[in-house]
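Presented as structure tokens, the chain that follows is alone, the form predicted alone.
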């Protein structure tokens, strides 16, 4: 039997979220915020943490710096039930990454020091550890600069070991959408972009054209549509699922939480309708607390939310 349900490789950093700033920030001015939250972040880490909270057995590989930020992030994942025994702590000048998020009512600015994230490379990956799983997930393709040129090789080897593969590229900070993504997608079973990412990767203005092109490469294409919910394309079949209505605190990590909810059901063999509903439910839960993992850490809050908003047959299992 595999040791894990899902293994994840990618980035682990901290998110510093500031609330209550004006839309415009003139230079040489000091502004006060209403609230702040320092919470572990990084798309890969959020997916791993929230998968574990939903009941999946998760193994995780990343690089962090030998600093206090790295220790905070590591402790958070370990307490959440993620196996971090293969995590690499790096000495030297490179530190654990930090993202500062300036959260407004309906939008945000994000500024990131990527730090150790950029240095994760193929040699850091214990392939036997990653392969001791049923499924492998990779997030933040365009931030994995040390790993990016080897992603297709990594996927090919894990597929040969019998794993299914999922990928969420997240944004490309350089807005180029290259780096061998088409080659990597050849080995992906589930691709999880949002609408903009899907269009940018294929260079299409129309989402339907983008989905058709991606579905010709990837068996299951899942597109996150924000307030409109999510859709999935499997060959000629189209599945849709509406968003779950909640009072949103912030949307930090909502897409990553969707990935966790979807994949938690996917590895259990659920049908795509149930996977989509589970993803939307997990994404909505994430928005009820600051940051991408806080709503999942509070077990009472999480279970109450699922009871109140769950859809019979599709809610994530505890």
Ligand SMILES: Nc1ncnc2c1ncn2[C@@H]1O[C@H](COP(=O)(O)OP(=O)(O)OP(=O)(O)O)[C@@H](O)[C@H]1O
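Numbering follows the first chain given and starts at 1. Quantities reported herein were computed from a predicted structural model and do not represent experimental measurements.
Just so it is clear, the following notes concern the form predicted together with the ligand, a form of the same protein that is not shown.
> Does every residue of 69, 72 and 115 put a non-hydrogen atom within 4.5 angstroms of the ligand in the predicted bound form?
Result no, not one residue of the spot touches the ligand.
> Pick from 238-246, 122-130, 81-89, 151-159: which stretch has non-hydrogen atoms within 4.5 Å of the ligand in the predicted bound form?
Heavy-atom contact with the partner occurs in 238-246.
> Just one of 194, 233, 144, 164 has a heavy atom within 4.5 angstroms of the ligand in the predicted bound form, so which one?
Of the candidates 194, 233, 144, 164, 194 is the one lying within 4.5 Å of the ligand in the predicted bound form.
> Looking at 225, 98, 215, 204 here, can you tell me which has any non-hydrogen atom within 4.5 angstroms of the ligand in the predicted bound form?
Looking at the other structure, the residue within range turns out to be 225.
> So, residue 42 and the ligand: in the predicted bound form, are they within 4.5 Å at any heavy atom pair?
Residue 42: no contact with the ligand in the predicted bound form.
> Going by a heavy atom distance of 4.5 Å, is residue 170 a contact of the ligand in the predicted bound form?
Taking the distances in the predicted bound form, the answer for residue 170 is yes, it comes within 4.5 Å of the ligand.
> Indicate whether residue 267 is a 4.5 Å heavy atom neighbour of the ligand in the predicted bound form.
Judged by the heavy-atom cut-off of 4.5 Å, residue 267 is well away from the ligand in the predicted bound form.
> Does the 4.5 Å heavy atom contact test between residue 291 and the ligand in the predicted bound form come out positive?
No, no contact at 4.5 Å.
> Who in 236-260 is close to the ligand in the predicted bound form, meaning a heavy atom within 4.5 Å?
Those in contact are 243, 244, 246, 248, 251, 253, 254, 255, 256, 258.
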